[in-house]
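Below you'll find only one chain, the form predicted alone, shown as structure tokens.
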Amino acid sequence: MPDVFKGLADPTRREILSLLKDRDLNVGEIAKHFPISMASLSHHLNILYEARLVTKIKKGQFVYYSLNTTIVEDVILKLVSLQKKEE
């Protein structure tokens, strides 16, 4: 779970996840939304992938990223379970 929180800690990575909630995108499509180098974007995507927050699949010459909703749901459930119960 620590990798998940590392993935969520950065605003750029959270914005990438927000973009992916609507549809799968390739690196070029994601890059259009950020004023950062491709190396920086690749670094962010790698952190998200290692945290299992995104999945990737190669289609032809493009790599498409998609939101891994299973991990996102697990994180939400974990956080909700930490709530103090009303007495």
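In this text, all values refer to a predicted model and were calculated from it rather than measured experimentally. Each residue number is its position in the shown sequence, starting from 1.
Beyond the structure shown, there is the form predicted in complex with the DNA, which is absent from this document and is the topic of what follows.
Asks: Although the DNA is absent from this view, report whether A51 comes within 4.5 Å of it in the predicted bound form, heavy atoms only.
Replies: Result no; A51 lies far from the DNA in the predicted bound form.
Asks: Is there a non-hydrogen atom of K56 within 4.5 angstroms of a non-hydrogen atom of the DNA in the predicted bound form?
Replies: Although the DNA is absent here, K56 would touch it in the predicted bound form, with heavy atoms inside 4.5 Å.
Asks: Give a yes or no for H44: in the predicted bound form, does one of its heavy atoms lie within 4.5 Å of a heavy atom belonging to the DNA?
Replies: Yes, H44 sits close enough to the DNA in the predicted bound form that at least one of its heavy atoms falls within 4.5 Å.
Asks: Would V63 show up as a contact with the DNA in the predicted bound form if we use heavy atoms at 4.5 Å?
Replies: Within the cut-off, so yes.
Asks: Taking only heavy atoms into account, state which residues of 15 to 30 are within 4.5 Å of the DNA in the predicted bound form, ordered by sequence.
Replies: Heavy-atom contacts within 4.5 Å come from N26, V27, G28.
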